[in-house]
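Only one chain is shown below, in structure tokens, and it's the form predicted alone.
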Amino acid sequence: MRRRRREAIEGYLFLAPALLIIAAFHVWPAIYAFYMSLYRWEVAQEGFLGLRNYQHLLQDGDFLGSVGLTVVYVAGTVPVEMAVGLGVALLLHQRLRLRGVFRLLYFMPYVTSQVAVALVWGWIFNPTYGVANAILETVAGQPRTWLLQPDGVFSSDLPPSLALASIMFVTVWYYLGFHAVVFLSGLTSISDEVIDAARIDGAGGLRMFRDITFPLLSPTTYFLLLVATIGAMTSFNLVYVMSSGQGAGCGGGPLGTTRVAALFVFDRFWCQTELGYASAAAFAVGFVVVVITAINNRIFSRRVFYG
């Protein structure tokens, strides 16, 4: 018992630095942010409000609209990232010349700074000197204002706006390499014996993918679905830089059509200095993320095959 106790103490001592860092930079800020959300806190702490900040969120059209835009953003990026990433992974899994070079090129955007990526794409979508309009005019298209255009892509009144759709396109481009590499690792883990046995039984092409490859990729698909959904729900860098680079500031322009939930929290905290209300909004967004993650887990975890 004494030896086990000593080993346990030594183990906790090895864990102590990491635990202290997590406590100082994750646990304590979260506790303090929840404490702030219970107060009217504008620069300085004011009156105690209890849960009234959370009640106000349920009646705040701007917050509910930002959550709706976040759902549109997730629905328009995550499935596309996964589908295109899987297609690229299937191509790179073949015996191609310079396969390693192509893998590097597809993964390179993901290891690039999001701020740098957003700035470059902001220049591309610039309505005055951007490459996007130059290409559009070459094929006899009408020039667009891209990140400054609040009109919807499919309808003038329905999201996503052209500005948000442009940011969604950049998001898909940025995360494509990550999905491709993870799917590629899943493909390499599939046993060659299973593939050879399926081919002997006459499976090939679409049937091979539908009945063999895709079911065996279900753990990888499930992992990417959870990670990509959580990341898109809390996306901030690309949206903020591409919006603010067009003179929109904190508001998520044009006309708030790119104000996703994370940008709403930033706007209320940094620009409006409503610190308590912004903290409540952050916890509400976190709750939505937990609920969506739980729903994904409930629906898709039963379809994962670990054989």
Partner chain sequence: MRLRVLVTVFALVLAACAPSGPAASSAPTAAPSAAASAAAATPAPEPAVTVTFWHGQSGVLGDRLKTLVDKFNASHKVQVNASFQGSYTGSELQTKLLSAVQAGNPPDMAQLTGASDVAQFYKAKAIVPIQQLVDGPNGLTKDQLADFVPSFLDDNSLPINGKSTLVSWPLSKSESVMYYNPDILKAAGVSVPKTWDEFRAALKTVKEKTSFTPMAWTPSIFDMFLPQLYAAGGSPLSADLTKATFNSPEGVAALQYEADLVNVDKTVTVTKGFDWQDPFAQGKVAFAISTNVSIPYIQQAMPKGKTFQLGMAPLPAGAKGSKTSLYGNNVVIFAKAAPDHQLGAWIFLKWLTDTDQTVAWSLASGYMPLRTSAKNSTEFKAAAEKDPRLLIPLDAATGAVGSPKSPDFPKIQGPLGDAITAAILGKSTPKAALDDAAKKANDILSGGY
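Numbering follows the first chain given and starts at 1. Model, not experiment: these values are computed from the prediction.
As for the form predicted in complex with the partner chain, it is not shown, yet the points below apply to it.
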Counting only non-hydrogen atoms, choose the one of 136 to 144, 225 to 233, 196 to 204, 210 to 218 that falls within 4.5 Å of the partner chain in the predicted complex.
225 to 233
Residues 148, 244 and 262 are flagged as a possible site; in the predicted complex, is every one of them within 4.5 Å of the partner chain by some non-hydrogen atom?
yes
Using a 4.5 angstroms cut-off on non-hydrogen atoms, would residue 128 count as touching the partner chain in the predicted complex?
yes
Can residue 156 be called a contact residue for the partner chain in the predicted complex at 4.5 Å between heavy atoms?
yes
Partner proximity in the predicted complex: residue 269 to the partner chain, non-hydrogen atom cutoff 4.5 Å:
yes
Contact flag, residue 295 vs the partner chain in the predicted complex, heavy atom cut 4.5 Å:
no
Residues in 161 to 180 close to the partner chain in the predicted complex, defined by a heavy atom within 4.5 Å, in order:
171, 175
